[in-house]
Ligand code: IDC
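Here you get one chain, nothing else, as structure tokens; it is the form predicted on its own.
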């Protein structure tokens, strides 16, 4: 499976208040193109807390089956993972790429590991404090955006989860107490047991860790890894754990794991085992090598047919095939197609298509022009697009559009006012389309630069 290289408020929420807030937010109206339009509910607003029924993840609120399409971070221990833990990054994934859930992967060993810090200069307790803060940043961002989030105890080079069982129990005791009232938090208690670790060993570990979580959060969804790098779900299906709301992990990398591994999944489902794919890639198992989109499509088709949730590895710009961002890209959010790796382009195209978003997005605005007018004004014009609800113009005095201003309109020209003489401004525009209360945005146009002269 994916073998990694080394890399360099504590606030309890009241469940009643949280749910009331969700209801209020769901009813909020926003001004759009001269009309009032109800904003579409987020995944958590729509489904609320989750539970397991049969082999399916379902909503406690509506009773509907729920399928999550998610993304896993790289190790939040390192600079290829933690820079992307932010509200801005998660919102890009949600709004642009149809992602409804985030997996926070925290490695237990290797450099800056939670249980073994290796060569890190900080003390082990300092490392743990930093990692828990990164988890909290991720949980809070996902919660504000109405996204689900998995807290992942990322067993890998420690091979067996039993090695750091006591540390895991203490970690999940703290974490489950802190997030017990959060409807969007799921717990993954061991990532990829390997090195000959059998299902009986994993069960022994799970039978000690699960009760620790249940003391604080009696019905949260808990995800348990399976033998052989979380591939042998068929073995787990022969002797499942005696708890409710448990799911079992299957991982695959499409260029390596093909039909025989899909057969393992079919066996597990036939035996009634609830499965979640908390990690997959379109690359080889190493995370490198060629990508195989044909096999990846077979996998996603099978998962969709059975309503199984899946999370792509990984939200990172690391120079490996499995990374979703292009190697070396410096943007931490707001990624356009050109910022994505080949794997990222394929994954997000599939997510948008499978969620129905792709066909709803308007095209890209072209022929953007900007002209100086008297009184420190600029006239902006661009080519009209058919079948859109309106346009959104963004302008700022810096290339990165920090502290930018935004105007919404239905016409293809507008006047920007109250600009500063002698100042250079950067302008871009995108179209949007509102369908059943949901707003779909097209890509931004090319940027037009103009210096205010009059």
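Predicted model, so just to flag it, every value in this text is computed and none were measured. Positions refer to the first chain, counted from 1.
The same protein also has a form predicted together with the ligand, omitted here; what follows describes it.
Asks: Which one, 148, 84, 107, 311, lies within 4.5 Å of the ligand in the model of the complex by heavy atoms?
Replies: Contact with the ligand in the model of the complex is made by 107 alone.
Asks: Within 4.5 Å of the ligand in the model of the complex, heavy atoms considered, which of 320, 217, 295, 234?
Replies: When the ligand is considered in the model of the complex, the option within 4.5 Å is 320.
Asks: Specify the contacting stretch among 236-244, 283-291, 94-102, 117-125, defined as having any heavy atom within 4.5 Å of the ligand in the model of the complex.
Replies: Among the listed stretches, the partner-contacting one is 283-291.
Asks: Report whether the minimum heavy atom distance between residue 78 and the ligand in the model of the complex is within 4.5 Å.
Replies: Contact with the ligand, yes.
Asks: My question is simply whether residue 192 lines the interface with the ligand in the model of the complex - judged by any non-hydrogen atom within 4.5 Å.
Replies: It does: once the ligand is placed as it appears in the model of the complex, residue 192 has a heavy atom within 4.5 Å of it.
Asks: Quick one: does residue 253 come within 4.5 Å of the ligand in the model of the complex, counting heavy atoms only?
Replies: Yes - in the model of the complex, heavy atoms of residue 253 and the ligand come within 4.5 Å of each other.
Asks: Can you check whether residue 156 is within 4.5 Å of the ligand in the model of the complex, heavy atom basis?
Replies: Flag for residue 156 set to yes.
Asks: Using the arrangement in the model of the complex, list in sequence order the residues of 254-284 with any heavy atom within 4.5 angstroms of the ligand.
Replies: Only 279 sits within 4.5 Å of the partner.
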